[in-house]
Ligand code: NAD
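The data below hold one chain only, encoded as structure tokens and taken in the form predicted on its own.
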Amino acid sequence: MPIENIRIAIIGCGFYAQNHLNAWRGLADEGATIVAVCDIDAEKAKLAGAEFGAECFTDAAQMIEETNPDLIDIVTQSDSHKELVELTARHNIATIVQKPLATTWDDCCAIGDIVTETGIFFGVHENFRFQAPMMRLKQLITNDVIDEVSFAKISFRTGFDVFAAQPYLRNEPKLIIQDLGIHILDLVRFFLGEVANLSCETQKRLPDIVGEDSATMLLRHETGAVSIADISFSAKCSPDVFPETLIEIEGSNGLIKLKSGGKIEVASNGLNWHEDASTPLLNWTERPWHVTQESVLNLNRHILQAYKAGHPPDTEINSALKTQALVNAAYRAAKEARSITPQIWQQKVK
């Protein structure tokens, strides 16, 4: 029997959580109902509850006991994720976790073990692959428009002040690879498949931060394809197209370019054409954030549909751990000045 009404609870009501809240409200006609919000900051919880018509809490366990949600969306900082997943798993509640999955590889694997042992529905909120231009690029690749992919360059370089809305990032010892690079490395897997090994060079060019603000990664894929992932929070760009990702993908019979504004150029078997895959503005999104804001809606819709259908989302635990392994490998590669083979999570059998 199909599930019609899904009761949604959100843990974390900070800066980026507003996009999750608006996205779930935007899926009301598709069966999503926000019933509760929770944040350790009582004022944030109160404001979100008033805005989205939900009960507000400062204690996640109390929220679960009193509202009995079907699905919980965890939008907190990564050091809290393992404890919160343990909580939702004890109550057998479907769970989504904002990236990164956890702060350490051990905690990431522990979450993987929890999900496997309990069998709960689980997904990671990895949304870059759900941006409108990325979904179109994937469609073109899947349809063999350029045939076998052999090379890609994926670039996110900006001088935009990302610290204004998220000041805690200034003190993160692992900064751009963990915060942004995880998205770009997921796109690398999304377009070119799994990675055999990677090397990485990092830089810290901004004076008032702890971690790295730039990284360039070179990856060899299991197919033999090669990719470059290039990211920076300290780039001198003119124009600065934040928060867009620019991409070039070469195949055996063509080339695809994603340029700013969602413009796609395709060269395929002697033919050339242009496409517009730009992100639409919604009633709650604003430029330039709309590029990533709409992807939250697309991913939440995908997760909602997967939950209703009773199968894992594309961003399920095994996929999330493969991306997280690339993050860890990038840090090791930069520290050890050598190419690194990503770690493999040894999935436990139920």
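Note that residue numbering follows the sequence shown and begins at 1. What you see is a predicted model; the values in this text were computed from it and never measured.
The same protein also exists as the form predicted together with the ligand; that form is not shown, yet it is the one meant from here on.
Q: Please identify, from 140-148, 91-99, 114-122, 247-255, the stretch that has a heavy atom within 4.5 Å of the ligand in the predicted complex.
A: That would be stretch 91-99.
Q: In the predicted complex, is there a heavy atom of the ligand that lies within 4.5 Å of any heavy atom of residue 290, even though the partner is absent here?
A: Because no heavy atom of residue 290 falls inside 4.5 Å of the ligand in the predicted complex, the answer is no.
Q: Can residue 55 be called a contact residue for the ligand in the predicted complex at 4.5 Å between heavy atoms?
A: Because no heavy atom of residue 55 falls inside 4.5 Å of the ligand in the predicted complex, the answer is no.
Q: Is there any non-hydrogen atom of residue 342 lying within 4.5 Å of the ligand in the predicted complex?
A: No, no contact at 4.5 Å.
Q: Does any part of residue 234 reach within 4.5 Å of the ligand in the predicted complex? Heavy atoms only, please.
A: Residue 234: no, not in contact with the ligand in the predicted complex.
Q: Candidate spot 41, 166 and 179, all three in 4.5 Å heavy atom range of the ligand in the predicted complex?
A: Result yes, every residue of the spot touches the ligand.
Q: Tell me, which of 127, 202, 227, 279 has a heavy atom within 4.5 angstroms of the ligand in the predicted complex?
A: Exactly one residue meets the criterion: 127.
Q: So the ligand isn't shown here. In the predicted complex, which residue out of 13, 326, 9, 333 has a non-hydrogen atom within 4.5 Å of it?
A: The residue in contact is 13.
Q: Quick one: name the residues from 61-92 with any non-hydrogen atom within 4.5 angstroms of the ligand in the predicted complex.
A: In sequence order, 75, 76, 77, 78, 80, 81, 84 come within 4.5 Å of the partner.
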